[in-house]
Structures are given as C-alpha cells and as structure tokens.
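Next up: just one chain, as structure tokens, the form predicted alone.
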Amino acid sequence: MNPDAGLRERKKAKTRAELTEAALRQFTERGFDETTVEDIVGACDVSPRTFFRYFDSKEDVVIGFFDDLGAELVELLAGRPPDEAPFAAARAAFESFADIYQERRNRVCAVSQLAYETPPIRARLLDKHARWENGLARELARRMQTDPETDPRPRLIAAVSLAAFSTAVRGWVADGGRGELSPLVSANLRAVENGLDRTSVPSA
C-alpha cells in the first residue's frame, strides 16, 4: 500500500471522527434542531465544505455512528468459531456487542435517545436497521454455506436476533443505561435460540 495513501486515509478517518464527536456532543448538550453545521465545524476548526465531504446532513452523523457500530457487529459474528451453530454464533456476537454498548454507555444512550426523539432521525433508523440485518444475513449465509436468496434461515436468524437485541437496548436506554445490558440481551436471545437452531425452514 502506498504510504501516502495510507496517511491520507488515516487523516480522513481522524477528521470524520472529530466531526462526529463534536456533532454528537452538541446534539446532546444543545439539541439536534438547535445545533447547526456551522456550530459543528466551528468546534473542529474546519469549514462547512469539509463537513459535507463526509456527511450529507446532520442526520447522517447520527446514522453514520450507528453504521460504524453495525460494522463492528458483523466483525464479531465473523470471528465466531466456524463450527458454532448459527443462532448460537449470532447470540454470542450480540452478547459481545452488548459489552461494547456498555463501554460506550453515555454516548450510546445519548445518541439512541436523540434518535428516538427526533423524527427525521427516527425515520432514517429504519434504513440503518435494514443495513445491519443485511450485513448479518450475508455473514450468516457465508458461515452456513448457503444462498440467502433461496434459504430464508440466514435472514430469519439475523432479523430475530436483531429484534431481540433492539428490544433489550430500548429498555436499557429508557432506564438511562443504569443496569447491565449483556444479561438483558442474553435473556432475550436465549428465549428463541433453541427453536431456530433446530428448526428447518422451507424455502419459498
């Protein structure tokens, strides 16, 4: 890899991270509608043009935060032992993911609450949810050596496990993140695990 290209990519990633942090901090302190792009770039000493190189809108900052988390989730699933049952692998990945949420509790709770309360962001969360589900389904299909277009199991496991995780997170955020998230996630996922790991679902 060209060293100059690697340096440019690191600088871009650093700038994007700084803009994200400045935006999320101001959204939670001042309110989403009250925070302008000029406020965000002013905190980072860059121009609005720089902001729009990385984000199309203020909403994209929040959605990008969740997209980055989604990439970490897929990596956790990909790192599970190859002989692990598919739903068990998804459960273990989500349990580890819950630990990441716990470590970033203040930021995750603030951003999640912001997303729930801000209609433009709440609408975009449906797209985020679909991207997370697609990423999980692709990885599960790879692990299961099956075609997700003809075998519904990867998407079913992705959708159900994601719903169980999201339900746990919503309750945890509503409580201000005061408790431990991982046991809530684990309990939700174990409630459905046995059936999905032992049931053959016919294709259409």
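Bear in mind that the values here come from a model prediction, so they are computed numbers and not experimental data. Residue numbers here begin at 1 and follow the sequence given. If you superpose the two forms and keep the largest set of C-alpha atoms that fall within 1.5 Å, you have the rigid core.
The same protein also exists as the form predicted in complex with the DNA; that form is not shown, yet it is the one meant from here on.
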>> Counting any non-hydrogen atom inside 4.5 Å, which residue from V37, V173, L156, A141 sits next to the DNA in the predicted bound form?
In response: V37
> Heavy atoms within 4.5 Å of the DNA in the predicted bound form: does D68 have any?
Replying inline: no
> Quick one: is S47 in contact with the DNA in the predicted bound form, heavy atoms, 4.5 Å cut-off?
Replying inline: yes
> Does any heavy atom of T167 come within 4.5 Å of a heavy atom of the DNA in the predicted bound form?
Replying inline: no
>> I'd like to know if E149 sits close to the DNA in the predicted bound form, meaning any non-hydrogen atom pair within 4.5 angstroms.
In response: no
> Which one of these stretches, 158-166, 131-139, 175-183, 55-63, sits within 4.5 Å of the DNA in the predicted bound form when only heavy atoms are counted?
Replying inline: 55-63
> Any chance the CA of R30 moves 2 angstroms or more between the shown form and the other one, core superposed?
Replying inline: yes
> Is the C-alpha displacement of V61 equal to or greater than 2 Å between the shown form and the other one once the rigid core has been superposed?
Replying inline: yes
